[in-house]
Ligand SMILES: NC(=O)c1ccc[n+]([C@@H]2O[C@H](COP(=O)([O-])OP(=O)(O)OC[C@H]3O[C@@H](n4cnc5c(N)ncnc54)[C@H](OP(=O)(O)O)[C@@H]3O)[C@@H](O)[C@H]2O)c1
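Next up: a single chain in structure tokens, the form predicted on its own.
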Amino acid sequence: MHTRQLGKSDMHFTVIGFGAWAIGGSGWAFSWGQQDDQDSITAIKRAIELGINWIDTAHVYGFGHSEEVVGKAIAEQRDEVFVATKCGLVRGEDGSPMPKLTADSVRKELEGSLVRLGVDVIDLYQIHWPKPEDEIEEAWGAIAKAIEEGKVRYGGVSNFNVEQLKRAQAIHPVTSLQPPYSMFRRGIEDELVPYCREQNIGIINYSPMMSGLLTGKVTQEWVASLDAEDWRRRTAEYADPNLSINIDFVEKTLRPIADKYEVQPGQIAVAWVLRRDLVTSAIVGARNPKQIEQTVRAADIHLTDDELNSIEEGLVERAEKLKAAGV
């Protein structure tokens, strides 16, 4: 799998990275439901076999559980992968994620992540959300200090806007930005992408398949069968009128293109994200080896102009339907 340099760093990430959100398991606010740890470990190992060279996780994913699983999976292959994790969301008194970016809190999360991952240094340490906003500078300063101490190689941020990036840049260079980006969420194209290009900040985007919505497996019945804890059951995109319109887009627009390449619509969604070098790498989740075996094929798909135009037309039609439905 080919790689792209991450910003000004000396790291070259494969264009697909392994996302470890879902393997955080159950029992927290943004869980994907029950997950077998051995399936997760096998999926990570298979991803490495297939050439993926970096993994993205976070303390909040199961409040450390995802990091522990990643640590077990890479214990004998640490030199083969870059490890990225995130801070800024801690367990609140009611058990739900609570934003906290004080220097002491960031330091505590970092030390815990190092232990759970079983590593001496974290390759990319990121602020998960810019909340509380008045603590951004304090948190970024703590990460800069950790870089000086050799506990972190590079620092990145997630879900920041341009002004927030500028505030961090004034303290220490930002290596990467992790924003949401997909056919349905294109907000980064107007301001964030130009700024990141100007500053040579890498973009590693999450949810290129809209958390499963663009995979081609979603039906009304499939959504109804989701685990009771699955956070997607509470989102507008997975409820009508959005859901029916989204399924229609996948089947009418993406499915015919996917059939040409003998893949699933999800691979087309990832290939679309990677169509230009504005994205260094796309993060894709996998809960078992079969899922990652399917998804990696997206790295070798190069969509034609006609196919891209067809997708744009489908997106316009979807937007019109959503507007007519009052969404």
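Note that residue numbering follows the sequence shown and begins at 1. Since the model is a prediction, treat every value here as computed from it, not as a measurement.
Heads up, the form predicted in complex with the named molecule isn't pictured, but that's what we're talking about next.
- No member of the trio 31, 59 and 176 reaches the named molecule in the model of the complex with any non-hydrogen atom inside 4.5 Å.
- Heavy atoms within 4.5 Å of the named molecule in the model of the complex are found in one stretch of 278-286, 36-44, 298-306, 255-263, which is 278-286.
- In the model of the complex, none of the heavy atoms of residue 184 sits within 4.5 Å of a heavy atom of the named molecule.
- Although the partner is absent here, residue 211 sits close enough that one of its heavy atoms falls within 4.5 Å of the named molecule in the model of the complex.
- In the model of the complex, the named molecule sits within 4.5 Å of a heavy atom of residue 294.
- Although the partner is absent here, residue 100 sits far enough away that none of its heavy atoms falls within 4.5 Å of the named molecule in the model of the complex.
- For the options 164, 105, 215, 242, the residue carrying a heavy atom within 4.5 angstroms of the named molecule in the model of the complex is 215.
- In sequence order, 19, 20, 21, 22, 32 are the residues of 15-37 having a heavy atom within 4.5 Å of the named molecule in the model of the complex; the partner itself is omitted from this view.
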